[in-house]
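Below you will find one chain, with nothing else, as structure tokens; this is the form predicted on its own, and questions on how it binds or moves follow later.
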Amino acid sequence: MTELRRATPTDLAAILADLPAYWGDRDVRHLHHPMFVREFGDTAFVSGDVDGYLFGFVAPAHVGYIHAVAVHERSRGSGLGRHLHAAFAAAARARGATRLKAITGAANADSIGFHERIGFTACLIPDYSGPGQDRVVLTRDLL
């Protein structure tokens, strides 16, 4: 499996320059704030060639929050998404997290399905992000 490392500002720039290869035509630039690399860099992972990345952090309530995770179109189906999640889970556990959490839109069937396959439970929460902004909250206990 591809070796993972901490994400750097240079990696973030490369990701932003090629967002459609990770996200298609979804406009997700707003999810890629530099703080995820600069301030939470110990829980921001990329593959060596930036074929995939995961930005997350451990919240004070002992929850490892997965903010953004994506695999480049050339590497989908390779297991890299699972590898990124496993690395984040280990880092979050080492920082005291007892649970993992991610949030996605109700229409994002690919993300929901992927997370359920790796042990997350999906729960639709009406108005999670404000009136009419339903979200699917994905959670998994860390053992």
Ligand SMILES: CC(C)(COP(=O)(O)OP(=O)(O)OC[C@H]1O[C@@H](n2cnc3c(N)ncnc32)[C@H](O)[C@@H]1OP(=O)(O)O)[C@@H](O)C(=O)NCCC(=O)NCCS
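Each residue number is its position in the shown sequence, starting from 1. The model shown is predicted, which means the values in this text are computed figures rather than measured ones.
Note that the form predicted together with this ligand isn't included here; everything after this is about it.
- Thinking of this ligand in the predicted bound form, which stretch from 91-99, 41-49, 22-30, 57-65 has heavy atoms inside 4.5 Å of it? Only one stretch passes the 4.5 Å heavy-atom test: 22-30.
- Task: Examine Arg74 and determine whether its closest non-hydrogen atom to this ligand in the predicted bound form is within 4.5 angstroms.
- Result: Arg74 lies outside the contact set for this ligand.
- Does Leu80 reach this ligand in the predicted bound form if we count a contact as any heavy atom within 4.5 Å? Because a heavy atom of Leu80 falls inside 4.5 Å of this ligand in the predicted bound form, the answer is yes.
- Is there a non-hydrogen atom of Pro34 within 4.5 angstroms of a non-hydrogen atom of this ligand in the predicted bound form? Pro34 lies outside the contact set for this ligand.
- Task: Would you please decide whether Ala106 lies within 4.5 angstroms of this ligand in the predicted bound form, comparing each non-hydrogen atom pair?
- Result: Output for Ala106 is no: heavy atoms all beyond 4.5 Å of this ligand.
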